[in-house]
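Just one chain follows, in the form predicted on its own, and it is written as structure tokens.
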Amino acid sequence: MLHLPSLKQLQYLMALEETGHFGKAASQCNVTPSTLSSSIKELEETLGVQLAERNNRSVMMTALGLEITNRARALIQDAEAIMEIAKAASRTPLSGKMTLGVIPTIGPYLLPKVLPALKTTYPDLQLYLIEDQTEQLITRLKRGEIDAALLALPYEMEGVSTAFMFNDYFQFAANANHSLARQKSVTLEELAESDLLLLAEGHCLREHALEACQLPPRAQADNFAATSLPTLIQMVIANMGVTLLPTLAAGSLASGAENLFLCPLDPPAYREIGLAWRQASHRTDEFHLLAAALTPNEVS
């Protein structure tokens, strides 16, 4: 009789690959290090191959171990999908636990507007929020650590489905004493000639702003970059340069800010806001409902 690896053993293997440490992997799986270590050894004996190279300080997965871990992750996700199919047959739409990832340039500005109505419409939904940058959220989505992600698009993603929600238009922001202040709009040519301040690399808002406005990567001022939109606004107010703000965040950031000038771009430029989830997920219909529920009334 063929002896197959257990799902528990595969989960332990995934945790070991993610943490690179038996103690951390054991803590993640809520078992003792000896239990996890013996389970990995049993798995290696079952498969007849070495999955990890061990020393006193760390663990390094073998090439074969990495390949098997990736297959294990797919198996675990399929097993979870089976459970989701069974649960979906007996529950109402958008109920139960759901973990939603959201990027920092969307979460604080959109969610307070839409979550109260979401809770009223779907009172049985237990929504857990995780804020992170796009690349990390996509990784967590593919690993099955989150169910869906609220992102700015476009973004290159394999194995991921998306639902468009709305366009978030960019606004020009500058100190009120700037030479372009008090104009009804700012052209892309005028923007390209200004000291443009953007978020640091790794924030997708930076790339979306440059692409939407057809600006070269070096259009940004060389000396400064911010790690958050509030910091970026303070730099603009200090007249260190100009920036582009998504309309979604502009109202909140400009509230109470003295000496800040805002106006639209000519022609308009925008990023797309959408919801992303794994293509293999069996909650696709629910995610479309969620995308609609998270879209503000003024743009829906």
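Note that the rigid core is defined as the largest set of C-alphas that superpose within 1.5 Å between two forms. This structure is a prediction, so every number in the text was calculated from the model and none was measured. Start at 1 with the first residue shown and count on from there.
There is another form of this protein, the form predicted together with the DNA, and it is not shown here; the text below is about that form.
4.5 Å heavy atom contact, D266 to the DNA in the predicted bound form:
Heavy-atom contact with the DNA at 4.5 Å: absent for D266.
Does the DNA come within 4.5 Å of any heavy atom of N239 in the predicted bound form?
Taking the distances in the predicted bound form, the answer for N239 is no, it never comes within 4.5 Å of the DNA.
Taking heavy atoms and a 4.5 Å cut-off, does N70 contact the DNA in the predicted bound form?
Outside the cut-off, so no.
Contact with the DNA in the predicted bound form for E272, defined as at least one heavy atom pair within 4.5 Å: yes or no?
No, E272 stays farther than 4.5 Å from the DNA in the predicted bound form.
Could you spot which one of V59, L260, A250, L43 gets a heavy atom to within 4.5 Å of the DNA in the predicted bound form?
Among V59, L260, A250, L43, a heavy atom within 4.5 Å of the DNA in the predicted bound form occurs only for V59.
Within 4.5 Å, heavy atoms only, one stretch in 26-34, 251-259, 230-238, 62-70 touches the DNA in the predicted bound form. Which?
One stretch meets the cut-off, namely 26-34.
Threshold 2 Å Cα movement between the shown form and the other one at A291, rigid core reference
For A291, whose C-alpha is compared between the shown form and the other one after core superposition, the shift is less than 2 Å.
For L265, is the CA shift between the shown form and the other one at least 2 Å following rigid-core superposition?
L265 C-alpha, core-superposed: shift of less than 2 Å.
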